[in-house]
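Shown next as structure tokens: one chain only, the form predicted alone.
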């Protein structure tokens, strides 16, 4: 008997991401009282939110209840959008205004609304491997095809020639993510400019707009004096999706936005389409959190804490002998597994209390992702377990 359940939605719900599976596995172990569990599964910041966040919540609570808890416009409060636009103008130039912004429930809400608004069933969206696993779901939900394209080996920078070869008459969008989850790579500005030049040429050749969707939840988390290129400055048809989850340590509050620069073709129609998608998927930022963002737009990310955490885990694993990519941004470590089967290695690591995320969910084999936005005690305490795991294998087997 047909049950009327959508097969794709069932697949999304029943087939949880590897990240969530490991996170829930670790949660159950901790709740059962298990000790020496080192959970590196999920990017949930273990750093206090800046004091401005709690202060802004107190200020918000002083508002009349009907204002605080009432509906806002679908695109968000005007003064909050203007505060964000002012910050963007001061940092990156451009003529951004409140009318170019839509507030969303985190970067995920921004991404899925934008993909919903700017694609049609059967079109193709290019993602760069390794990529954030949810991209696949966001793309397939709107009956589009997710097209993976490998980045350059060892550097994990975009391969512009490979992206060009993947473009077809069905291509509608390319997604970039810098600083990158999971590798920590910051994309080179000249490579992004070369990508923009190629997309302009291909758009003209195919007589269609190919959008560049820049996913930037880790924009503020960069190390060693580096800066993340302003992707919207490299290609006119760039849509920016952002989240305050990481920079303000408020992941559970789901605070983000979509920026549609004036340079985007049919700017007003694009904004209206995204607002229509907001009505469909209801990814509107909650009222109280809008007010928090309005007061905390310029608050800096806790880089001293993340720099310390990066040093603890990167240097510790490198001393043991693990091959790890040195992250220039974000808070993930990309580590080559000790055997070619990343799932088998992840299972073996679990026997030592280490919860790692196998790389196949990111569209590539042979690696593990570690999220090091955890307690310093976890980062220091896990190293003996990693040493035991290394000794079990006797080092790399491939």
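Worth saying up front: this structure is predicted, and the values here are computed from it rather than measured. Numbering follows the first chain given and starts at 1.
What comes next is about the form predicted in complex with pyridoxal-5'-phosphate, which does not appear here.
Residue (of 117, 107, 186, 195) lying close to pyridoxal-5'-phosphate in the predicted complex, criterion heavy atoms within 4.5 Å: The residue from 117, 107, 186, 195 that makes the contact is 107.
Answer option from 291, 246, 310, 219, heavy atom within 4.5 Å of pyridoxal-5'-phosphate in the predicted complex: Exactly one residue meets the criterion: 246.
Joint contact, 111, 135 and 215 to pyridoxal-5'-phosphate in the predicted complex, by non-hydrogen atom at 4.5 Å: Heavy-atom distance to pyridoxal-5'-phosphate in the predicted complex: all three under 4.5 Å.
Interface membership of residue 145, pyridoxal-5'-phosphate in the predicted complex, 4.5 Å heavy atom rule: Contact check for residue 145: no, nothing within 4.5 Å of pyridoxal-5'-phosphate in the predicted complex.
pyridoxal-5'-phosphate contact in the predicted complex: residue 254, any heavy atom under 4.5 Å: It does: once pyridoxal-5'-phosphate is placed as it appears in the predicted complex, residue 254 has a heavy atom within 4.5 Å of it.
In the predicted complex, residue 372 touching pyridoxal-5'-phosphate (heavy atom, 4.5 Å): Contact check for residue 372: no, nothing within 4.5 Å of pyridoxal-5'-phosphate in the predicted complex.
Partner contact for residue 177 in the predicted complex: pyridoxal-5'-phosphate, 4.5 angstroms, heavy atom: Residue 177: yes, in contact with pyridoxal-5'-phosphate in the predicted complex.
Location of pyridoxal-5'-phosphate contact in the predicted complex, chosen stretch of 177-185, 300-308, 158-166, 224-232 [non-hydrogen atom, 4.5 Å]: Partner-contacting stretch among the options: 177-185.
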